[in-house]
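Take a look at this single chain in structure tokens; it is the form predicted on its own.
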């Protein structure tokens, strides 16, 4: 069963709606006149869940050749996910190490990568993160 963009969007909305409902299930909802802290999350996550179900059902019912099929680019998806996880693990060794790893992993994921662009990307990536987080926000992150 090939999956379409609507099907993937529906599954994503269902997952986010269910997760939000699970998180907000212990919050007191109150009533419409006296809303508790769980009222709005319950309504929004229910609407998101319903939208996801409608979108997924629509993708199943409207099967024709005009729907654009989705092919997932697994290599870039796994490399970028690994880059983010690696960044989170390497940030304890300093910003330069973590950003360098992140840029190299993301560069490998790009199918149209250029070897001349890599050093520029690393320098710009390190420079921007130092400017934003170290100087601008004055976060206590080691370089």
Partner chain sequence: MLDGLILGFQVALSLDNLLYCMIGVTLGTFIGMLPGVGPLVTIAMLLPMTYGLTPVASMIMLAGIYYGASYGGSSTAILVNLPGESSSVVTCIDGYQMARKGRAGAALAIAAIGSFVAGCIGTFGIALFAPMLGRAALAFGPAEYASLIVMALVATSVLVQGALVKGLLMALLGILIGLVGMDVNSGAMRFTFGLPSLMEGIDFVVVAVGTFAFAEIIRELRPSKDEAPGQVAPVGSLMPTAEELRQSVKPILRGTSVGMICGILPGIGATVSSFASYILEKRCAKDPSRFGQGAIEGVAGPESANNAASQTTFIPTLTLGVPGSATMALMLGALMIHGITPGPNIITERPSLFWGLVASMWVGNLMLVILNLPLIRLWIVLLKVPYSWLFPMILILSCLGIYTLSNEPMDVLLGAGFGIFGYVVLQLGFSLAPFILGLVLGPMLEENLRRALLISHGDPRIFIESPISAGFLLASAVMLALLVLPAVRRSKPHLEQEA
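Superpose the two forms; the largest set of C-alphas matching within 1.5 Å is the rigid core. Numbering follows the first chain given and starts at 1. For clarity, every value in this text was computed on a predicted model and none was experimentally measured.
The following text describes the form predicted in complex with the partner chain, which does not appear among the structures shown.
Would residue 33 sit within 4.5 Å of the partner chain in the predicted bound form, counting heavy atoms only?
Looking in the predicted bound form, residue contacts with the partner chain include residue 33, since a heavy atom lies within 4.5 Å.
Residue 139 versus the partner chain, in the predicted bound form: is there a non-hydrogen atom within 4.5 Å?
Answer yes; at least one heavy atom of residue 139 falls within 4.5 Å of the partner chain in the predicted bound form.
Residue 80 near the partner chain in the predicted bound form, any heavy atom under 4.5 Å?
Judged by the heavy-atom cut-off of 4.5 Å, residue 80 is in contact with the partner chain in the predicted bound form.
Close approach of residue 115 to the partner chain in the predicted bound form, 4.5 Å, heavy atom
Residue-level check for residue 115: no, no contact with the partner chain.
Which residues in 84-120 have a heavy atom within 4.5 Å of the partner chain in the predicted bound form?
If the 4.5 Å heavy-atom criterion is applied to the partner chain in the predicted bound form, 84-120 yields 84, 85, 87, 88, 91, 95, 99, 102, 103, 106, 109, 110, 111, 112, 117, 120.
Residue 41 C-alpha relocation of at least 2 Å between this form and the one not shown, rigid core basis:
Comparing the forms between this form and the one not shown, which are aligned on their rigid core, residue 41 does shift its C-alpha by 2 Å or more.
Using a superposition on the rigid core, decide whether the Cα position of residue 50 changes by 2 angstroms or more between this form and the one not shown.
Indeed, residue 50 is displaced by 2 Å or more.
Indicate whether residue 84 shows a C-alpha shift of 2 Å or more between this form and the one not shown, with the rigid core used for the fit.
No: residue 84 shifts by under 2 Å between this form and the one not shown.
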